[in-house]
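Okay, here we've got a single chain as structure tokens, the form predicted on its own, with questions on binding and movement later.
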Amino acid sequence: MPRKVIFDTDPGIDDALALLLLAVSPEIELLGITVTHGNTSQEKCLRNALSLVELAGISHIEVARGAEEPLVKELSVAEETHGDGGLGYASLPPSNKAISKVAAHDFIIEQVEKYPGEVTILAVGPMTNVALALLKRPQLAQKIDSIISMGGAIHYPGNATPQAEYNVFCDPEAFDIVLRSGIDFTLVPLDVTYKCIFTKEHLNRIDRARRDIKEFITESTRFYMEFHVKHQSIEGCAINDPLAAALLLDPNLVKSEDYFVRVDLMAPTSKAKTIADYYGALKEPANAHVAMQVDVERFMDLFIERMNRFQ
């Protein structure tokens, strides 16, 4: 039976690639897409999501408008990483698809209560929508099957500050609320995603996909690759969010460790840092499965094979 998934996202180049992966995978029953701020403004992220579901051939899937800003901190965007429109050099036609009449956090509540114990939330942006759902309906935590989140950095340097990963940096208070909720939580941090570098050689292996799919992947990642080489001296680009999505298809892609994890909300030099208690010094029970190793080749093979399914 396909796994019921809500995709909480801020498209975003790698978010878009994750959505393509979900769309072409029969193991997934995509209940809806909830859109937040993050890689660009919520308005642009929403526009991208609407166009992407049409590109992916899943225009029947509901797309819900979510949070426009974080719970506490000022809004951040990453257009230097993802481009002015959020999708690099890629250009998609405007969509005529209607936006869901239900706000994103209420959509999450409705779907979880409709399918108690069955819904996984794949969260690959700031956690604002999920936190708002939990703040409105605290008992929802007992009804969510699990959350898989692309976020955080354990040993790896941050990509928003020297210590903070971008998704957590955008709304650290929201991320902390979700971590404290008791929901079965898998964290996919930069420690593993930055081992998954998508190169031109990988792109060339996407050779059977529909022309518009291949063109989108080419033009979006071309911008992403330019950013990575200029600012991080990386040849290629880290496709963070598709790795998190791929765990829905093959959880054995990563090796995880169970840690007690918190978000630093106070210290000015480490605000939004995800802190894992490796040695159990705090004597707190683990609250997250943290991916610490990844089979890069197996993941890349899976991603490329799925992209070639778009015919």
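Since this is a predicted model, take the numbers as computed values, not measurements. Numbers follow the displayed sequence, beginning with 1.
If you look for the form predicted in complex with alpha-D-ribofuranose (RIB), you will not find it shown, but the lines that follow are about it.
A.B. asks: Find out whether any non-hydrogen atom of residue 124 is located within 4.5 angstroms of alpha-D-ribofuranose (RIB) in the model of the complex, and reply yes or no.
C.D. replies: Output for residue 124 is yes: heavy atoms within 4.5 Å of alpha-D-ribofuranose (RIB).
A.B. asks: Answer for residue 159 alone: is it within 4.5 Å of alpha-D-ribofuranose (RIB) in the model of the complex, judged on heavy atom distances?
C.D. replies: So residue 159 counts as contacting alpha-D-ribofuranose (RIB).
A.B. asks: Considering non-hydrogen atoms and a 4.5 Å limit, does alpha-D-ribofuranose (RIB) approach residue 192 in the model of the complex?
C.D. replies: Output for residue 192 is no: heavy atoms all beyond 4.5 Å of alpha-D-ribofuranose (RIB).
A.B. asks: When the contact criterion is heavy atoms within 4.5 Å, does residue 220 count as touching alpha-D-ribofuranose (RIB) in the model of the complex?
C.D. replies: Contact with alpha-D-ribofuranose (RIB), no.
A.B. asks: To verify the annotation, which of these, 237, 108, 150, 174, has a non-hydrogen atom within 4.5 Å of alpha-D-ribofuranose (RIB) in the model of the complex?
C.D. replies: That would be 150.
A.B. asks: Sort through 68-76, 195-203, 129-137, 159-167 and report the only stretch with a non-hydrogen atom within 4.5 Å of alpha-D-ribofuranose (RIB) in the model of the complex.
C.D. replies: Partner-contacting stretch among the options: 159-167.
A.B. asks: Would you give me the residues of 27-42 that have any heavy atom within 4.5 Å of alpha-D-ribofuranose (RIB) in the model of the complex, in order from first to last?
C.D. replies: Residue within 4.5 Å: 39, and no other.
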